[in-house]
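A single chain comes next, written as structure tokens; it is the form predicted alone.
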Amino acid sequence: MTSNNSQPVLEDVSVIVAGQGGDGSLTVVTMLADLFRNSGLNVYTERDVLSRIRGGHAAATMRAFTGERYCIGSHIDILVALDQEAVEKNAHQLNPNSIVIFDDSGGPLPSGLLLEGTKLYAAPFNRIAMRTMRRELYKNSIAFGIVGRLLGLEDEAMRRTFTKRFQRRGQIILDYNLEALELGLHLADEMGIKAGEGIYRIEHTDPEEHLLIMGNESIAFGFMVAGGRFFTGYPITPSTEVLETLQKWLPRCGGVARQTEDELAGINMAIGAALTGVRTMTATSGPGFSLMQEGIGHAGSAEVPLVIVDCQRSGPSTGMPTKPEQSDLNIMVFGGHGDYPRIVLTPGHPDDCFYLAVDATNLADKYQCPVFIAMDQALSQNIATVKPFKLDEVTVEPGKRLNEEEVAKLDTYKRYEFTEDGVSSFTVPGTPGGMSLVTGNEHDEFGLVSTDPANRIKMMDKRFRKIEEAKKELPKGRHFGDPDAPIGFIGIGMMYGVILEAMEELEEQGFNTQYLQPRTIWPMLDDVLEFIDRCDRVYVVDLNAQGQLAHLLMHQGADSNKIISILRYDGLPYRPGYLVNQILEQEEKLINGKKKEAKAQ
């Protein structure tokens, strides 16, 4: 649909702002996202930064669209390059119809970097900022005026967004940024990009009520709504926002969010809090999760309810702290010494993060075991529009708790009493008659240390009966596509949105597909294996080098002849087009293999 001046209506656009760390790329993208959300569009943002405060290549990407999308698209429409490196690093994402806004303060862009047909707008943003305000920091605000005009944003709407963004930092900072924006708008006029004459026209609609939120924040809010009242953790990329969000909001609910000196203190303080009956959570990333292993095993043995969020990043060791990966699956499912029950949940979108955090908090309390929420850097930190959470649908499901009156009716209170479902009743320490011991050693029904072989077998079996019982209510996967399609997909975390969009592109090329997004990967539920059984072949998309999800599926009985691993472990986020190309290559191999078999016969 076009207007009288032939401007296409903005329905799906991706913009990347790139430069050096500290140049304000994320600030520009965040303000653009807010503007588009207020115009009635949905948005999704992504960050690509190094693990440092300033310097090194940094980029932020925003996608604004109508309908539903859960990832950055395959191509970038507008690149705002604050230096030449930004073009060199991101030119591969452009297409011949892309537009580049380039800061040529350091000289013109060398020929050959851009595809033929790419439209280039160049201006010395840095020099203008230094000359006018004596600080290069404001170059991003100057560039904002040009990109805003190109995208069809109204000048006054941009000014309002700047005021909203910067007024909390004081009048002087606000005035400087508004002045920089006006310089950008004046530059746009000189470039021929007049107000209302950009490349797009925005059809303003009354925006639906939406949240602009990242997965880490959703996890925090889900925990609070489910009755979580104690959080402890050490800040580590990319989990830090869970801590920061709860430090801001949890005290308002009568809770406590405490930063500890390290992950060892974090897990042990969490165990101590959970023992008092308070719903408790901690969050970390790979290196911290490794440090927590002994404590997690203690929680498993002592049957302490605990939610543990693992925001996965590229490893091993320190690895690449700001890059996405899903390589902690093995340690979540099999980690720790000895055998103990655990549950692993896998959300795929910030909306999903909220509801699975509620589930995790309830499940931990009900089945008295560690419950892991497997995140990844992209899911943790990328920002998306989501509909307001349905708080009236959230229920807080208590576990087997005994109050003073109930304990008084018992002949003897046994903290680890053998039960049919494996779950023993729990009473808060200090309850009259509710004395028990908590130890990391094997123990009897009272918590007393025991090495008796018969007791050991009964106690181990008791703990694992809880997981069999929990299977009845663990979150099942979400299915998309044609249930009769021969080609299946399985992927978790950030792959949710990428796979959904790749399926659309594959359908246009004649491939009929279906997708199962598992929301519980341990214990493995029947719906996952049933999905694999009904497909001819299943592409399991792993963000790691060993195909950890694929091997987990086969470990649980999936037909290995049907599973084809798709791997990526270079630290770059997936794009739908990249996945489509991988699938087409695999399909071509299969076709060629069948042809060779036919000839051999």
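The structure displayed is predicted, hence computed values, not measured ones. A residue's number is simply how far along the shown sequence it sits, counting from 1.
There is also a form predicted in complex with a further copy of the same chain; it is not shown, and the following applies to it.
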Exactly one listed stretch (146-154, 286-294, 119-127, 184-192) reaches within 4.5 angstroms of a further copy of the same chain in the predicted complex by non-hydrogen atoms, and it is 286-294
Please determine whether F511 contacts a further copy of the same chain in the predicted complex, using a 4.5 Å cut-off between heavy atoms.
no
I'd like to know whether K562 contacts a further copy of the same chain in the predicted complex, with contact meaning heavy atoms within 4.5 angstroms.
no
Using a 4.5 angstroms cut-off on non-hydrogen atoms, would G338 count as touching a further copy of the same chain in the predicted complex?
yes
I'd like to check something about Q84: if you look in the predicted complex, is any of its heavy atoms closer than or equal to 4.5 Å to a heavy atom of a further copy of the same chain?
no
One residue of L178, M460, M133, L525 in contact with a further copy of the same chain, assessed in the predicted complex (non-hydrogen atom, 4.5 angstroms):
M460
Exactly one of G73, P475, P486, G319 comes within 4.5 Å of a further copy of the same chain in the predicted complex through a heavy atom, and that residue is G319
On the criterion of a non-hydrogen atom at 4.5 angstroms or closer, are E442, F464 and Q556 all touching a further copy of the same chain in the predicted complex?
yes
From first to last in sequence, which residues of 437-456 have any non-hydrogen atom within 4.5 angstroms of a further copy of the same chain in the predicted complex?
G440, N441, E442, S450, T451, P453, R456
